[in-house]
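Just one chain follows, in the form predicted alone, and it is written as structure tokens.
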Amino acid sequence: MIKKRVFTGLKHLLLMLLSFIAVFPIYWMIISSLKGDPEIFNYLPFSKDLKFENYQYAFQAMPIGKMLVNSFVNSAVQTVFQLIVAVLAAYGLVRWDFPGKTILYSLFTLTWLVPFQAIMIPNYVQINEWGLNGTVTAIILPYMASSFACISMYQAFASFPKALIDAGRMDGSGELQVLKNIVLPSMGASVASLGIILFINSWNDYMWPMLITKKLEQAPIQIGLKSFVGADVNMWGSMMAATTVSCLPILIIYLVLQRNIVDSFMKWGIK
């Protein structure tokens, strides 16, 4: 009995330690955004004189509201397109048998292993040839499909009972009707959890938007954060303030959908 209590106490202590390690960088970001320049490098985890000057300067230095809207629109559009392509591709690979099916799936896997930096320059040349450089379309276009999303959906669809799909076909439903009315309602948790991962990845993307955008008014919020760090002056307090503001939309989405997110990840993990 005593050993069980000691073991339970150690598990709780370990969980508290891991939670502290996970949360402390966020606390450090927020407290640094409220410190003045003399205090920001004193490494104390608190401040006796909290100030909002960094937030005031950050909103004056760049159009944060406009850039947040740009980030949200880019992330939402990319996520929707990637989910549509992934669902259709995964359903086709799972349901239909055709020559080269295994090779096609292997190509999806190999494509996932290629880092985006390796194809960034060819993409940039192609965007320039199409005259799309500096536009929102150029930011979204290379991310309209994701091999990671296709592989994830393929693994989720592979566990779906084929008898239900065959029953839908016998009732006279077409493939899209079977997908919409039978498969997707049962795979909502997998689609939702994948959508959350894709949205966060799109929100945090930096290199490609940095290469494409020419004006801050057209750029996502991640590009604006770089403007506070330069070769001559580094405004860490203002950058922490802007970073805190940039995290708010993701935090609000998590708080609103907290139960659905946890449930979807648990179901996805069980599968």
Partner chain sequence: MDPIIANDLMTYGKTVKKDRKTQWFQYVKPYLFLLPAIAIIIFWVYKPLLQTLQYSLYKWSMVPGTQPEYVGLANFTKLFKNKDFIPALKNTVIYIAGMLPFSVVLPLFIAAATHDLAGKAKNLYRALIFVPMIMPPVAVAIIFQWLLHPSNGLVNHLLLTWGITSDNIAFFANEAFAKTMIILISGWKMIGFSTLMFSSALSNIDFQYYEAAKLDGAGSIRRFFDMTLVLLSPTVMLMLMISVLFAGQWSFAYIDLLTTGGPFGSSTNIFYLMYKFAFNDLNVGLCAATATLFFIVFGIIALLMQFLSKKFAFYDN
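Rigid core: the largest C-alpha set superposing within 1.5 Å between the two forms. Being a predicted model, the structure only gives us computed values, none of them experimental. Residue numbers count along the first chain shown, from 1.
Omitted from view is the form predicted together with its partner chain, to which the following refers.
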Out of the stretches listed (157-165, 99-107, 72-80, 181-189), which one is close to its partner chain in the predicted bound form, meaning heavy atoms within 4.5 Å? 99-107
Pro122 versus its partner chain, in the predicted bound form: is there a non-hydrogen atom within 4.5 Å? yes
Applying a 4.5 Å heavy atom distance criterion, does Tyr206 contact its partner chain in the predicted bound form? yes
Quick one: does Gly195 come within 4.5 Å of its partner chain in the predicted bound form, counting heavy atoms only? no
Looking in the predicted bound form, any heavy atom of Gly172 within 4.5 Å of its partner chain? no
In the predicted bound form, does each residue in the set Pro142, Tyr254 and Val262 place a non-hydrogen atom within 4.5 angstroms of its partner chain? yes
Taking heavy atoms and a 4.5 Å limit, what residues of 26-58 are near its partner chain in the predicted bound form? Ile26, Trp28, Met29, Ser32, Ile40, Phe41, Tyr43
My question is whether Glu217 is one of the residues whose C-alpha shifts by 2 Å or more between the shown form and the other one, given a fit on the rigid core. no
Rigid core superposed: Ser33 CA moves 2 Å or more between the shown form and the other one: yes
State yes or no: after fitting on the rigid core, is the Cα displacement of Leu44 between the shown form and the other one at least 2 Å? yes
